[in-house]
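Consider the single chain below, provided in structure tokens and representing the form predicted on its own.
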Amino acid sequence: MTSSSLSISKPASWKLSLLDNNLFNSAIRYVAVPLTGVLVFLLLWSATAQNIDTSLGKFPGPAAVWEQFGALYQEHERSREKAAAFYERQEIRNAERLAEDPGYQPKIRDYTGKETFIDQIFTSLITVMSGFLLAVAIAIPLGIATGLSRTLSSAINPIIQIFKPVSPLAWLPLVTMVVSALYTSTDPLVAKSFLNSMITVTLCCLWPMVINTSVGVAGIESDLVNVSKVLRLSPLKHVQKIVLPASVPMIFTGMRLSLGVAWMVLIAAEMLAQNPGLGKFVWDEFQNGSSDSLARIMAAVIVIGVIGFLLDRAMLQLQKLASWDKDSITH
């Protein structure tokens, strides 16, 4: 009985030891190593910043940037308090007017205070997602069509190759002129600066989606195409049942690339179009030239990088949900 119990307990302890080793290795790989890299970067940043003198003083180190994060949040809170007080005063005034004149039509004016850093983050996110979704609506159908038709691909490919490397700084003046000429409403639904930034983002992130979708569709296995022919699927059903499922990995690769391009393009577009967002925040702080400007710009740079990373991770999760082949998804 003793040898039997030993022979049973030995494999169990071995499995436990193996599990502990795997957990330890995972903790080292996914927690300790990244944290070490971040700490080394912060130390190098802090040491380098102390040796860089600018016209506005020392280049900001991690401590100065962290302090500005707190200051920017406090500014946001004070702005919200002012807005709440503004609307409260209007409600009191309207109540008093109604008491004097029951036929009075109350009016609520919008708060016109300066947008805070957090407001500008949300403005940038709305702008980039609007431009990106418009690009998706154009690029994926176009990519599917060019992938299915060699003739159409040959016709469109030169246009894609010409416009793909064009900088957003070149597109923006043209977009601004066209929007100013066509969007002449006296009561616009959205600001022209928003449209300028959004359309520039759309133009610059179209191409990776078109190219990757086209390559994914053109690379569908011949066996799948033959199955569609045997079943005599209509063109629409062929796209729905065969083309889209088989090309999902390449489509999402193009979408991830395009979203990264869109986020980078947006910051430059907001700087020039003066659309209230992170790009405008960076430009305004640069023009302001106060002693805190560099630290505030660096805080914005960090936020831009973190948001870009989170957008990529979100797109990766969507790809996992949509793809039938989980092994094809790269991290």
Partner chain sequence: MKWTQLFRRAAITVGLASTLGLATPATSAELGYPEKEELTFGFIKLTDMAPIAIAYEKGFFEDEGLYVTIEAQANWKVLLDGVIDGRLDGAHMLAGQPIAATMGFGTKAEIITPFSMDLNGNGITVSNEIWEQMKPNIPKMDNGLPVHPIKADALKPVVEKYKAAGKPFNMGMVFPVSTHNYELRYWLAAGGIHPGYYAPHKGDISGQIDADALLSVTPPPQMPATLEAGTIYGYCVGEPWNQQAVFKGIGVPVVTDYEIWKDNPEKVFGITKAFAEKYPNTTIRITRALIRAAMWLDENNNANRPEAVKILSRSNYVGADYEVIANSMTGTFEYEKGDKREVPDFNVFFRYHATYPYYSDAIWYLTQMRRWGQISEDKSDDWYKEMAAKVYRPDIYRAAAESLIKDKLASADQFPDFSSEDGYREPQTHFIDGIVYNGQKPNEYIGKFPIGLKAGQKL
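In this text, the rigid core denotes the largest set of C-alpha atoms whose superposition between the two forms falls within 1.5 Å. Residue numbers count along the first chain shown, from 1. No experiment lies behind these values; they were computed from the predicted model shown.
Although it is not shown, the form predicted in complex with the partner chain is what the next lines describe.
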Among 91-99, 130-138, 157-165, 256-264, the stretch whose residues bring a heavy atom within 4.5 Å of the partner chain in the predicted complex is 91-99
Worksheet item: Is Arg109 a contact residue for the partner chain in the predicted complex, using a 4.5 Å heavy atom cut-off?
Response: yes
Practice item. Classify Gln287 as contacting or not contacting the partner chain in the predicted complex by the rule of any non-hydrogen atom within 4.5 angstroms, answering yes or no. Key: yes
task = Please check if Gln274 has a heavy atom lying within 4.5 Å of any heavy atom of the partner chain in the predicted complex.
result = yes
_Lys192, heavy atom within 4.5 angstroms of the partner chain in the predicted complex_ = yes
Answer key, the partner chain contact in the predicted complex at 4.5 Å (heavy atoms) among Lys237, Lys114, Arg150, Lys229: the residue is Lys114
Answer key, the partner chain contact in the predicted complex at 4.5 Å (heavy atoms) among Asn51, Ser291, Ser26, Thr36: the residue is Ser291
Kindly confirm or deny that Glu75, Phe86 and Trp283 each have some heavy atom within 4.5 angstroms of the partner chain in the predicted complex. yes
Check your understanding: Does Arg78 count as moved between the shown form and the other one, where moved means a C-alpha shift of 2 angstroms or more after fitting the rigid core?
Key -> no
Q | Rigid core superposed: Glu221 CA moves 2 Å or more between the shown form and the other one | A | no
Query raised in the report: Is Gln90 among the residues whose Cα moves by 2 Å or more between the shown form and the other one after superposition of the rigid core?
Result: yes
